[in-house]
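Next up is one chain by itself, shown in structure tokens, the form predicted on its own.
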């Protein structure tokens, strides 16, 4: 029970940035002295700080406020894409304290090279951390299908990886606990706690650069499926007469939507990178005919995908993240019209469409939340195991 209560307090402080001891007492139904003892234990462990809340203008005796101590405990968060790799040090409370983008636009399909590049960057960030700061784990966001029970990366078609123990290899290299999950799933988790989906219980996040993934929350909980493979919305077959997909099927949603799809439609070379993608969007906004037509076609397919998800999951909100978010911001009316034509009236009336509030940090934030989970569940036990 004490472990549960410590975890509850730390989770509240981590998620919300601060909590008064009076509010914790009311929310948890414990007496003031018990809350005081629990907070004191977390303070002694270097996880939280206490400060006076008197500056908030309350009458009477002020309650002490409990805040996270981000420089005391941190995790390393890795966002691996087909053509990008970012590694960050994220403190308790969710602040990104330090971040490195490793050779942007590089091809990261070589597993050995990728593991070594991530490990070297993690070592660099750990050396730069304040003396005494403790790293309690690594979270990895990957564009692929991850088996939930053991973290095996089953299939990452756009990286060319099959059945790779990616997390285990990195964890062994760094001598740290490493956890791994699909990038869209982590994007949904991040948006739910700290982004555009805050306060919503039924959420779909569509994201991706080359492939397209879906992170789905039902009742505030991730929808994982039998083996953890749910959410591969990029492989919904939307165009039977479409292009061959890397998964082996034809006309998958990700062949019609994404950075390469827009570049191809605009007559640019697929794989030209995000600068070329944004150039097409900018020229579409300026009225250049070919770019306008390309953006409209891809936006229409994006709306078709949104409509399918609205019918299937009846979400509160559908969030478009990464390059899809940039496309949505440029073509919102087209996406909304295609989504309306592809969805039923009842679920359509209940859904909101939005671009990601976290932008390029969504997967970093989600990976950090994943890595923090053991600490939030058992704060003192996790630190003890780390010290051992």
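Residue numbers count along the first chain shown, from 1. Since we're looking at a predicted model, the values are computed, not measured.
Below: the form predicted together with a further copy of the same chain, not depicted.
Shown alone, this chain has one stretch from 216-224, 187-195, 273-281, 168-176 that lies within 4.5 Å of a further copy of the same chain in the predicted bound form by heavy atoms: 216-224. With the partner omitted here, the residue from 144, 231, 93, 72 that has a non-hydrogen atom within 4.5 angstroms of a further copy of the same chain in the predicted bound form is 231. Put simply, of 34, 329, 50, 350 only one has a heavy atom within 4.5 Å of a further copy of the same chain in the predicted bound form, and it is 350. Of the heavy atoms in residue 263, none are within 4.5 Å of a further copy of the same chain in the predicted bound form. Proximity of residue 134 to a further copy of the same chain in the predicted bound form: non-hydrogen atoms within 4.5 Å are absent; the residue sits far from the partner.
Contact between residue 312 and a further copy of the same chain in the predicted bound form is found at the 4.5 Å heavy atom cutoff.
Taking the partner from elsewhere, residue 267 is found to have every heavy atom lying beyond 4.5 Å of a further copy of the same chain in the predicted bound form. Shown without its partner, the chain has 247, 250 in segment 241-263 as residues with a non-hydrogen atom within 4.5 angstroms of a further copy of the same chain in the predicted bound form.
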